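First comes one chain, alone, set out as structure tokens in the form predicted alone.
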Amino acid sequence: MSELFESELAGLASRRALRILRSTQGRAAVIDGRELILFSTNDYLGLSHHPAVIESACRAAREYGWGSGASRLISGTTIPHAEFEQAAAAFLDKPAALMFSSGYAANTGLLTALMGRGDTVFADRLCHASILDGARFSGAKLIRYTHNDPDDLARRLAAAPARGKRLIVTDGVFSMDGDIAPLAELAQLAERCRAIFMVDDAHGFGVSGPQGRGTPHMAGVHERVDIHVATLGKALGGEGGFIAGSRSLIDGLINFSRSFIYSTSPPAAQAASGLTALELVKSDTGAKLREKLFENMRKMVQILEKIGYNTQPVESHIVPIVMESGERLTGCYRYLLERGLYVPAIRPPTVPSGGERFRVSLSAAHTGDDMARLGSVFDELKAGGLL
């Protein structure tokens, strides 16, 4: 059966492939034998290489071993798991939290446990794929409203039958455009329509709001968010996802979430390093790293505007450069690699056709020289008529 997927792959305009990284990963890595500056990482604060984070992981691995050996409900829950969950819940002002092996597992496990036939999920059209997949897997009716448009959501809420559970869900920071959801307006709609309100703040957690508590705290609506989803895999520099909310929500997930029940537990080292990273986020170190990150964002936008790129309003550390022609994307991507820069080229189905782009993901670890170098190469592409 060697012909599996052959016809589907043959129909792709551009085939994805994996790149093997060697050496360090943070602001730079060795790929295919060459050191490249990375503008692709979600390690927004550079904590993946912080000595205290690494030491916590090593200490927990020495004490508990690397693998956990079982699911959380059997023998896979360790002291570091419990400590991280308690700290994450307190940080987000929620009664309880639950750690999952990934953000994808958290969202799909949550939605399939909470929602079902007869229920309705109202999701922003640009919500992460894990939210859309979880809604579809649940059997609930999925209604997608126009991106960041509370008026369109209000119309769809009014037109939908008022039966079963209703869930309004949005990203906090959207991963491809870097814009921020209008959480105050969405919270008001949820209250008016008696809907559950869920925010996936993967890209805002650790970065946005006071002490990096995320976009719900930044918008002043954290007490009105019923379900707060976040991650260890971005600003905390690690891996895994978690959900924070009421005690009954977390108890329900422990008992009904299949991606939690039937998955081997994340290693204790993963939870221990996440706890240390969270402590850093809350500290003066975290405040300085956030300040540096947003300083880098402002500098990057200034560089792009100076070379004639008309940036859309940039609200976060994610800066999209949308191409006028998607056909040029691959050539520009290769040119950037040749010049020692790794900037991810985003194609359909991750973004709609016509929305092909480079996604410049900034980190506090980037230097002024890194950004000047990126601007110089984009200037070359523009001068050559490619951008």
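Throughout, we count residues from 1 along the sequence that is shown. Quantities reported herein were computed from a predicted structural model and do not represent experimental measurements.
Missing here is the form predicted together with a small molecule; even so, the following discussion is about that form.
In the model of the complex, the small molecule sits within 4.5 Å of a heavy atom of A202.
For the chain shown alone, H222 is not a contact residue for the small molecule in the model of the complex, no non-hydrogen atom being within 4.5 angstroms. Contact annotation for N148: none of its heavy atoms lies within 4.5 Å of the small molecule in the model of the complex.
Although the partner is absent here, R166 is not a contact residue: none of its heavy atoms lies within 4.5 angstroms of the small molecule in the model of the complex.
Screening 272-280, 180-188, 233-241, 286-294 for residues having heavy atoms within 4.5 Å of the small molecule in the model of the complex returns a single hit, 233-241. None of S130, T120, T77, S316 but one reaches within 4.5 angstroms of the small molecule in the model of the complex through a heavy atom, and that residue is S130.
Contact with the small molecule in the model of the complex, judged by any heavy atom within 4.5 Å, is made by just one of S265, S259, T112, S102: S102.
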